[in-house]
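In the block that follows, a single chain appears as C-alpha cells, in the form predicted on its own.
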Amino acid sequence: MNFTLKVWRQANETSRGSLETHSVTDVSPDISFLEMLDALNEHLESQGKDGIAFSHDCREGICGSCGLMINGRPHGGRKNTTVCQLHMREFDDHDVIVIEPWRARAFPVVKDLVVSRKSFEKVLQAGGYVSVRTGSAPEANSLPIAKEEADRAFLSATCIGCGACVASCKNASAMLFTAAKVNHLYLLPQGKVEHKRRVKNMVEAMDASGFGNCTNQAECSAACPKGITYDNITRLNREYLKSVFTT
C-alpha cells in the first residue's frame, strides 16, 4: 500500500507550525499506524533529517499517550480504538492522510505531534485520589457493592487520559475526563468520604486549566477509545451542584 502523509511539524510551543508532505510506499496493511510512522522516521533519519516527534509508550491501548488527529478525527475515528491499535488496512491504497496533534489551548504543542497534557495532571492532583486510611487490603467480600454500581465504577475507571474527548470537542472541554475520574471513586464506598470536596476541587481545577465548557453534543463519548459514556457528565453536573450548595 502507498500513502501520501501530510504531517504537522512544529519545532516548539512558540514557533509556527505547518503541514509537511511525505510519501510512504510498500506499507503492509497489517502494521499499526505507529509502526508506519516508525518506518517513515527511519527513512527520514537515513537522509540526515529530523524524525517526526510523536508520543507512544505501551502500544497496547492502555497508557493513552498516542493520541493523534487523523483526517480530523481523534485516534483515526475507528470505534473503541487508540492510534497504536489502528492498522493501515483501515485506509485505502493511495489515500492522503492528514496527521495533526490534539488542538486545545490546554494541550500546548511540545514538538510536532507531541502535546503537553500537564493540565490533566492538575485536575487529578485536585482530587483524583482517596486519602482515607484503608490499612491492608481487605477481604474482597467484606465491602458488599452492588454489581450495577461496581460495573459503572469500572467503566469510568477505564479512562486512560488520552485527551480524545478534549480534542473532539469544539470547546476543548475536559468534562468527560473529569467526570470519569470523579465517578469511578464516588461510586465505591472508599471514595464517598471526601466526595463533595473532590468534585468541587476537580471541576475548579479543570476550569482553571483553560478547558472550555461542555455544550452537551456528546462528541467526547463518541471519540473515547474506551467507550466511556456521556452519563458520566450528567452525574458530575449533579454532584457538583450538590457539593456547591451543601458545603
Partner chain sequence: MELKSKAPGGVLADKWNNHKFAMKLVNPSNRRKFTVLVVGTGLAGASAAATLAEMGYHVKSFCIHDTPRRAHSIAAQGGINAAKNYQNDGDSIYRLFYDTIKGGDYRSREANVYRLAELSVNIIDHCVAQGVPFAREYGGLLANRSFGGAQVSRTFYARGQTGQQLLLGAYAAMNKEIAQGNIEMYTSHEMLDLIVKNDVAQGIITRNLRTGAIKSYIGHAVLLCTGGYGNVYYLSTNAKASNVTATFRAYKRGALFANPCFTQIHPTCIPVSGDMQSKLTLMSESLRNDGRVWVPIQKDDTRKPSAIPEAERDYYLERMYPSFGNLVPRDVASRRAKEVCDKGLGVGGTKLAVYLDFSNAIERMGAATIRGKYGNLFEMYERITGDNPYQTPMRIYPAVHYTMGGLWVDYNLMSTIKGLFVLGEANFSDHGANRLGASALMQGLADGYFVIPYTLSHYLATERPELIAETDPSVSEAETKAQADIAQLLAIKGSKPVDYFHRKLGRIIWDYCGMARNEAGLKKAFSLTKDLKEEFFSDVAVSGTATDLNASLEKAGRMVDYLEFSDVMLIDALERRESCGAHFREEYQSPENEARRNDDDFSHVAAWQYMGAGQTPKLHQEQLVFENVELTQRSYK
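Treat the numbers as computed from the prediction; the structure is a model and nothing was measured. Positions refer to the first chain, counted from 1.
The same protein also exists as the form predicted together with the partner chain; that form is not shown, yet it is the one meant from here on.
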- [ ] Please pick, from Ala106, Cys169, Val115, Ile99, the one residue with any non-hydrogen atom lying within 4.5 angstroms of the partner chain in the predicted bound form.
- [x] Val115
Open item on the list: Against the partner chain in the predicted bound form, would Glu148 count as a contact residue? Criterion: heavy atoms within 4.5 Å.
Closed with: yes
Open item on the list: I'd like to know if Met175 sits close to the partner chain in the predicted bound form, meaning any non-hydrogen atom pair within 4.5 angstroms.
Closed with: no
Open item on the list: Can you tell me if Gly76 lies within 4.5 angstroms of the partner chain in the predicted bound form, counting non-hydrogen atoms only?
Closed with: no
Open item on the list: Just checking whether Gly72 would be counted as a contact of the partner chain in the predicted bound form - the rule being heavy atoms within 4.5 angstroms.
Closed with: no
Open item on the list: For the stretch 21 to 45, I need every residue with any heavy atom inside 4.5 Å of the partner chain in the predicted bound form, listed N to C.
Closed with: Asp30, Ile31, Glu35, Asp38, Ala39, Glu42, Glu45
